[in-house]
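Only one chain comes next, encoded as structure tokens, the form predicted alone.
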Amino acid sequence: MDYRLIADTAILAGEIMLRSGAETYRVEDTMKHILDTAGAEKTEAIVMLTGIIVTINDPGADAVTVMRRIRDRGTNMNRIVEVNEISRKYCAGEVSLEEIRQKLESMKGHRYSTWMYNLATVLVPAGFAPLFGGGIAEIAASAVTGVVSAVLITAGKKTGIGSFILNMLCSVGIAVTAVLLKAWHPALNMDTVIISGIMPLVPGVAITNAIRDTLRGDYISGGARVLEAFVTAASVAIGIGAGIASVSMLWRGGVLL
């Protein structure tokens, strides 16, 4: 039995799940099932928000330990489901270790294209606007803020801007766009447009996973997710405030008159 290949496969599955927004306990459970197929005396999987460690220890062979640093995370529920299904098939003996390794490698890259992400960034604010009481004008204005966010996010990722600064810049763009649209169309509900526009940036999944990890006893990961959600929310709030304040100052100074 190739312990090294099993450890690498388990940590690859865990990396994909963690980067896709899976809870810590779910990642550990999936990895543990893969590691147990080695038949070793002791297998362990430790998952934190920024790193994964797996160990296979058997008296008849050298211990194998693999560690992987996780630098970026997002949300892709479909990818989490796929990894779970693949791992179950492997543990049930329906696929070989080499086959599951190849399938996981093919999943490691970006699943959706840039234009699809941008389209979702435009449609999500437009879809939330009616839920917050917005009409046709608010839906259209929210879609415009989504376009601004999509442009800024695409440019920010290409230039390697950190998530905190990128979220803040997107929030500034949303606020400035909403204020200018309000000036152009006074009947527009600016609050609805801003709230709808920031929905793609709201760390809802991070907060949910933080609660679930904490209730499961994973206090390190739970606390880290809470901090991550707070930092994201703070960057959005700072960006919205800065955007509104900057437009107001330019307006009072006569620059936008």
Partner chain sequence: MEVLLGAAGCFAAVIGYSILVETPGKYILQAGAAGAGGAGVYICCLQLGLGTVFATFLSALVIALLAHTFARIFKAPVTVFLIAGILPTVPGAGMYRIVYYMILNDRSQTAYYLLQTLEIAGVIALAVFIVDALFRLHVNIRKKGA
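Computed from a predicted model, the values in this text were never measured in an experiment. Residue numbers count along the first chain shown, from 1. Take the two forms, find the largest set of C-alpha atoms that superpose within 1.5 Å, and that set is the rigid core.
Keep in mind that the form predicted in complex with its partner chain is not shown, yet the notes after this line are about it.
K.L.:
Would you please decide whether I195 lies within 4.5 angstroms of its partner chain in the model of the complex, comparing each non-hydrogen atom pair?
P.N.:
Answer yes; at least one heavy atom of I195 falls within 4.5 Å of its partner chain in the model of the complex.
K.L.:
Does any part of F230 reach within 4.5 Å of its partner chain in the model of the complex? Heavy atoms only, please.
P.N.:
Yes, F230 lies within 4.5 Å of its partner chain in the model of the complex.
K.L.:
So, Y90 and its partner chain: in the model of the complex, are they within 4.5 Å at any heavy atom pair?
P.N.:
Taking the distances in the model of the complex, the answer for Y90 is no, it never comes within 4.5 Å of its partner chain.
K.L.:
Using a 4.5 Å heavy atom cut-off, state whether E23 contacts its partner chain in the model of the complex.
P.N.:
It does: once its partner chain is placed as it appears in the model of the complex, E23 has a heavy atom within 4.5 Å of it.
K.L.:
Between the options I220, M67, L215, A61, which residue brings a heavy atom to within 4.5 Å of its partner chain in the model of the complex?
P.N.:
Comparing distances to its partner chain in the model of the complex, the residue within 4.5 Å is L215.
K.L.:
Can you work out which of A224, A40, I207, I46 has a heavy atom no more than 4.5 Å from its partner chain in the model of the complex?
P.N.:
Partner contact (heavy atom, 4.5 Å) among the options: I207.
K.L.:
Looking at heavy atoms inside 4.5 Å, which stretch does its partner chain contact in the model of the complex, given the options 180-188, 160-168, 97-105, 81-89?
P.N.:
Among the listed stretches, the partner-contacting one is 81-89.
K.L.:
Does its partner chain, in the model of the complex, lie within 4.5 angstroms of each residue among A137, G173 and V247, using heavy atoms as the measure?
P.N.:
Not a single listed residue reaches its partner chain in the model of the complex, so no.
K.L.:
Sequence order please: the residues of 50-76 with a heavy atom within 4.5 Å of its partner chain in the model of the complex.
P.N.:
Heavy-atom contacts within 4.5 Å come from T75, N76.
K.L.:
Please check if K89 moves between this form and the one not shown, taking a CA shift of 2 Å or more relative to the superposed core as movement.
P.N.:
After core superposition, the displacement of the K89 C-alpha between this form and the one not shown stays below 2 Å, so no.
K.L.:
After superposing the rigid core, is the C-alpha displacement of I153 2 Å or more between this form and the one not shown?
P.N.:
After core superposition, the C-alpha of I153 moves 2 Å or more between this form and the one not shown.
K.L.:
After the core is overlaid between this form and the one not shown, has the C-alpha of T75 moved by 2 angstroms or more?
P.N.:
T75 C-alpha, core-superposed: shift of less than 2 Å.
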